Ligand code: BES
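Below you will find one chain, with nothing else, as structure tokens; this is the form predicted on its own, and questions on how it binds or moves follow later.
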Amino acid sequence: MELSIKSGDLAARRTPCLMLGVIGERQLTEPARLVDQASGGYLTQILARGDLDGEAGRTLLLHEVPGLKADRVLLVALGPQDKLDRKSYHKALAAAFLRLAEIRVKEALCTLHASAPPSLDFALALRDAVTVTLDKGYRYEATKSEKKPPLALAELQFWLAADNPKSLAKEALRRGQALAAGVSLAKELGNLPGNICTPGYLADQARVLAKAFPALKVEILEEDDMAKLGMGALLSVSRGSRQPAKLILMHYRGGKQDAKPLVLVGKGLTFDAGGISLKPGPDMDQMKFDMCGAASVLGALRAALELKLPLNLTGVIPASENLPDGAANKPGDIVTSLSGQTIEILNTDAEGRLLLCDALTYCERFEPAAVVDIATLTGACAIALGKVASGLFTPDEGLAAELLAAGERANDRAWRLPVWDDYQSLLDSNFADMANVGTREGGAITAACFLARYAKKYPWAHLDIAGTAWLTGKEKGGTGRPVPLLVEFLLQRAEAAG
């Protein structure tokens, strides 16, 4: 879809559909008021009938409005003024896009961003309009034999009021498009079935990304390479699978030559049956989403590459399957990690931390400015926070503040949970340096405490996205989270770097 900025007299604009906002019961937004004046009060007369009264997301399509060059006017309810927040704004944007898809117009002119809630600055309101619209246009069809007709909407224009800088608007569009592309990539990878999206497939997708963006350099470590390094924890997970594990390394150097890189580490469990500690059968199909941490790293890197951020970035994806087999990990087995620490495997379904611990140790060689790992790590985090917030764990106050602020600005929130040393004793083992699980209490916290033992040599944070990476029920599918949070974090770091 082509996106562009338009300015000038709305009444004189030729467009198949002009989108205008209405607040509360019949209160015209400023762009709608200007159009109403040009139409001789036609919009006011229509609204007086009460057809658009109610909550955000209701729409009313008008044809041949007098005084306008637009073929149609789509009135969109933004909800009551006292309830106009980001949620209602996004609901209105989504409803408007779906109505445009229904009437199959090829082009439209949007003004809804000009009436966004007060909590959003102009640039963020416009960026949200882009990301919500493009996200609503995403459709999973990769494994369907019958494809839906392509979306008719080929161009979406955004109206710019005279007091808004055009350069700021263009940058908001650019950021919104890059973010939406990253989210779409993460959703698509998450939605693919495990027999297609294997560790090798993830490696291939990194190569595809590098081909599209030559600034990205990709290196794939095979199992022999990892064995020589001593990645006994990671390799123990893949022993039960016919698919060889991969350690996917992606390097982008857009910053100063001597600047330390930011490192994103994504758990890439392309299917998790639990191993010998087999998961229950119901809903096991959803374990194809256990690689959404990896998908979010690829999505965030794609956005950073498109934006040409002045940062040095490294993406690390430890990828494997976790299946039951005669060679698979058994409860009670002891493995030696890359760090030299030994781990007693009490539960083979706590495998993500075995992948991540070796990857985190490997990150030491990059001398990173900071490392953020992203993983669908524990059901306990989903129980604690539901599908609203991702769990954030870090002992670093500054990094915690950055990530929480990025989540708020990106509307992709996280909530901080402790990684206090008080919990470390729950990982004690009589037979190894540590166990891979603690007790039932505080499961998300003890998982983070396990990872903390391997991330002592650099600033580190862990995002547990088990509750936020995908939806269930009628809308089952990947969400693309936390790509928005990660991209906002990178944008803020890039602006700080100058």
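Just so we're clear, the structure is a prediction, and the values are computed from it rather than from any experiment. From 1 onward, residues are counted along the sequence shown.
Beyond the structure shown, there is the form predicted in complex with the ligand, which is absent from this document and is the topic of what follows.
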| property | result |
| --- | --- |
| Joint contact, Asp272, Met287 and Trp470 to the ligand in the predicted complex, by non-hydrogen atom at 4.5 Å | yes |
| Per-stretch contact check against the ligand in the predicted complex, the hit in 342-350, 170-178, 247-255, 111-119 (non-hydrogen atom, 4.5 angstroms) | 342-350 |
| Ala380 within 4.5 Å of the ligand in the predicted complex, heavy atoms | yes |
| Partner proximity in the predicted complex: Arg127 to the ligand, non-hydrogen atom cutoff 4.5 Å | no |
| Contact test in the predicted complex: Ala448 vs the ligand, heavy atoms, 4.5 Å | no |
| Ala466 within 4.5 Å of the ligand in the predicted complex, heavy atoms | yes |
| In the predicted complex, the one of Lys279, Arg239, Lys136, His90 near the ligand [non-hydrogen atom within 4.5 angstroms] | Lys279 |
| Contact residue in the predicted complex, from Ala461, Ala70, Leu43, Val437 (heavy atom within 4.5 Å of the ligand) | Val437 |
